[in-house]
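In structure tokens, the next block holds one chain alone, the form predicted alone.
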């Protein structure tokens, strides 16, 4: 009995319609809006690439190469990509490996994963208290003044040279649990006989990890890393809650800039240009993840 080819299309059609309405159409509209002034959130005056030119030549909050190190939302996002990804994946992998060898593995992993159960807004508020310059409120300054008598309180979120690192650390605290869980599952899925053979052959713990475990879990590490990068490129909530881009725009990132320009400043065209840049930066990592998933599917 032959099956009509229209049956397959009937199953695909609802998903295709949803993708077209909620993904494709907004993307096309955003790209079109980025070429317009976008006053009043409507297409009003076509200006071509002027928004993009202004972002890279006139907007010091987005792209500033007049001093070293360069500043602006684009460079802050690059700093996030480097430190946040290395922090979450590195610490998550370390905890996953070490916790696998101790008795209280479940307790340790529960503590590390617990921040993922907190909303990011609540986590941002918690870390604002932790970083408070008032030692009666801020835990860090209380510890600093307790162990370093005579030290002055440090404005962690009020100093341009520290604010990005402070917010990134809060982000690492939240997302490390996710990386740990995924990497721990990959480690537990490794064939026991291979690890035992390495131990019998006299391999040290470091050699077993680096030469045996890492090559086998590397695809998972790459997927987790690219997922963290994608999270960074669209991050918004922590910066909004903790600093609102301050002080003096020092902690702005791409996602926050898009929000401010679109909804606070009312420049939908300018904000859409930032969104298009964000999309361009995210697409390569999405493609990497899709190719990795396909490769793993073919290997199964």
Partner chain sequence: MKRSLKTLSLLLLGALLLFAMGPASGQGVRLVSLFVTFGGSELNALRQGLDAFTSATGIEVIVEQSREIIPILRTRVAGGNPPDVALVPRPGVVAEYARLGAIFPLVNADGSDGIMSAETLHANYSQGLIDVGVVDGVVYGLMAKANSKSTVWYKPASLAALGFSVPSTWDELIAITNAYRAAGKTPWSIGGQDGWTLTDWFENIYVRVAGPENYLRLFVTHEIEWTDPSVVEAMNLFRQIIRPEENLAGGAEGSLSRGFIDAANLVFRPDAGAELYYEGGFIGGIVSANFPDLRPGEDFTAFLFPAIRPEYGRPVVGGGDLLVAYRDTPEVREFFNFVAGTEFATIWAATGAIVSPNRNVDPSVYTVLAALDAGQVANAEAFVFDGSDLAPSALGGDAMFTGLQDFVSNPDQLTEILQFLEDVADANY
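Given the structure is predicted, the values throughout are model-derived calculations rather than measurements. Positions refer to the first chain, counted from 1.
What comes next is about the form predicted in complex with its partner chain, which does not appear here.
- Contact with its partner chain in the predicted bound form, defined as a heavy atom within 4.5 Å, is made by all three of 41, 133 and 248.
- For residue 52, no non-hydrogen atom is located within 4.5 Å of its partner chain in the predicted bound form, even though that partner is not displayed.
- Although the partner is absent here, residue 211 is not a contact residue: none of its heavy atoms lies within 4.5 angstroms of its partner chain in the predicted bound form.
- Using a 4.5 angstroms limit between non-hydrogen atoms, residue 158 touches its partner chain in the predicted bound form.
- For residue 70, no non-hydrogen atom is located within 4.5 Å of its partner chain in the predicted bound form, even though that partner is not displayed.
- Stretch-level contact check against its partner chain in the predicted bound form with heavy atoms at 4.5 Å: of 57-65, 24-32, 227-235, 271-279, the positive one is 57-65.
- Heavy atoms closer than or equal to 4.5 Å to its partner chain in the predicted bound form belong, across 263-285, to the residues 263, 264, 265, 266, 267, ordered by sequence position.
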